[in-house]
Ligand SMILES: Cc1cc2nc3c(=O)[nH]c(=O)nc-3n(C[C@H](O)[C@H](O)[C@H](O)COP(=O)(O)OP(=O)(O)OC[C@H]3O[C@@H](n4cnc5c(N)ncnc54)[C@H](O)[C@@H]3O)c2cc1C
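Let's start with one chain on its own, the form predicted alone, as structure tokens.
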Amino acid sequence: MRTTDPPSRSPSLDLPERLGAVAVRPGDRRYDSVRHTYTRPGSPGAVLLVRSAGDIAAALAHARATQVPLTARSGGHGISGRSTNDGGIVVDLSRLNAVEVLDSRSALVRVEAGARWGEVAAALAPYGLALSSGDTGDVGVGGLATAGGIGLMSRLHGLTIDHMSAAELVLADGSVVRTDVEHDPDLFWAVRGAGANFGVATAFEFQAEPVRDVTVAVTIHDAADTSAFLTRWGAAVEAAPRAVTSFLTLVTGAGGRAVAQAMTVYAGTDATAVRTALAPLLSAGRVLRNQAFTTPYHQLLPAGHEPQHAQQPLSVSRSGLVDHITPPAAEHITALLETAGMVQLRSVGGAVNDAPPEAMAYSHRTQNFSLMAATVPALRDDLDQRWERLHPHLNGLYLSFETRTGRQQLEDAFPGAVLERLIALKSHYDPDHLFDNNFALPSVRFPH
């Protein structure tokens, strides 16, 4: 049972009239419903329910003048927990939530950053369109669309950012820009993967895909021989047609036996094709329960709009990308279960790896899986020890599932020349480091 939050210890911030009109502050009736994120409690001095780019520019100017912490939030669902703070300003984009089909024939859509992906899916469904965008409808557009977007049809349609054709941002100096491959192309390159470092994104244009009904299989496997199961499942996913995308969640069940739940989406409804495509995945391990059904895609992503209240106890997470689930990698992933409350593998590959690695700041285009392990804070050190032994078998990092920050995380997320280019662009677009709350880029290159 949830109890009422204790009063915030953060003082209410003095704000100019424009910002005061959109502020929720400690002591306000709505404060407890906007102060936290999915994984992290927060006590900001003010949450600004901004209504325009002008409100955002005013918030940036005030944060710069007063040197208070600044955080942008689209949905607050991010695993990394970066969308709240203590004592500072949270720029809450939830009122900037419009979804517009600009051209149904070319499938060009414009989505504001404060919309939830469930709202996007529902708005596009009448047009027979969709964007692959994670697996939870309450995730906000802005955070996912500036990091990557590993969705339930990624192997067929790629990452969410692979479909971005333009972005609108408020920069550190308060200017409002629209960037694409012809206008501020360096900024457009950076936004797709490292966008939180360069401004507050307010809207995006995407090329959606024609999508109607999909087939979903939710399968519970006995994964007692976890390493062998993982290698078989990984090989089956890599060999599957691109219409198949599978997310696998491992937990320790009754009696200490590992249990795996696979949520597998086939983009289509042809029964014969579905059976043929899914049979190898089902044979990866003994099936304890399986449910398959056909559904409109948008019904997989309902947006409940429940307030975030740090309800996820597994608030420590580690993230990595995996080329192939080899037997040694599978052994180290299995070892994570001894301390992690959940281990999850999301299939990428397929269309994700069609994009050239130099096309955008998210450059990971050889990997077939995204791996996340999550635990409670008391087991952080144990998880980190096991993760270090796994690290040589990883190839990169997906920022949205990582709660650590530092040099290692930046170098894993943005390898080699990618990080060097981002650092140079950071010094141009955000020289005073106003946007440093979310995996902050340094001012200069790291020493070798």
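Fair warning: this is a prediction, and the values are worked out from it, not measured in the lab. One rule holds for the numbers: they count along the sequence shown, beginning at 1.
What follows is about the form predicted in complex with the ligand, which we do not show.
Every member of the trio 81, 150 and 201 reaches the ligand in the predicted complex with some non-hydrogen atom inside 4.5 Å.
Checked against the ligand in the predicted complex, the residues 285, 320, 158, 140 give one hit for a heavy atom within 4.5 Å, which is 140.
A heavy atom within 4.5 Å of the ligand in the predicted complex is found for one listed residue only; from 223, 352, 340, 72, this is 72. Picking from 208-216, 81-89, 325-333, 259-267 the stretch near the ligand in the predicted complex, with a 4.5 Å limit on heavy atoms, gives 81-89. Interface residue remark: residue 97 is not counted as part of the site for the ligand in the predicted complex, having no heavy atom within 4.5 Å. Looking at residue 77, you'd find a heavy atom of it within 4.5 angstroms of the ligand in the predicted complex.
The closest non-hydrogen atom of residue 136 lies within 4.5 Å of the ligand in the predicted complex. Remark: residue 414 does not count among the residues lining the ligand in the predicted complex, judged by a heavy atom distance of 4.5 Å or less. If you take 86-124 and check each residue for a heavy atom within 4.5 Å of the ligand in the predicted complex, you get 93, 113, in sequence order.
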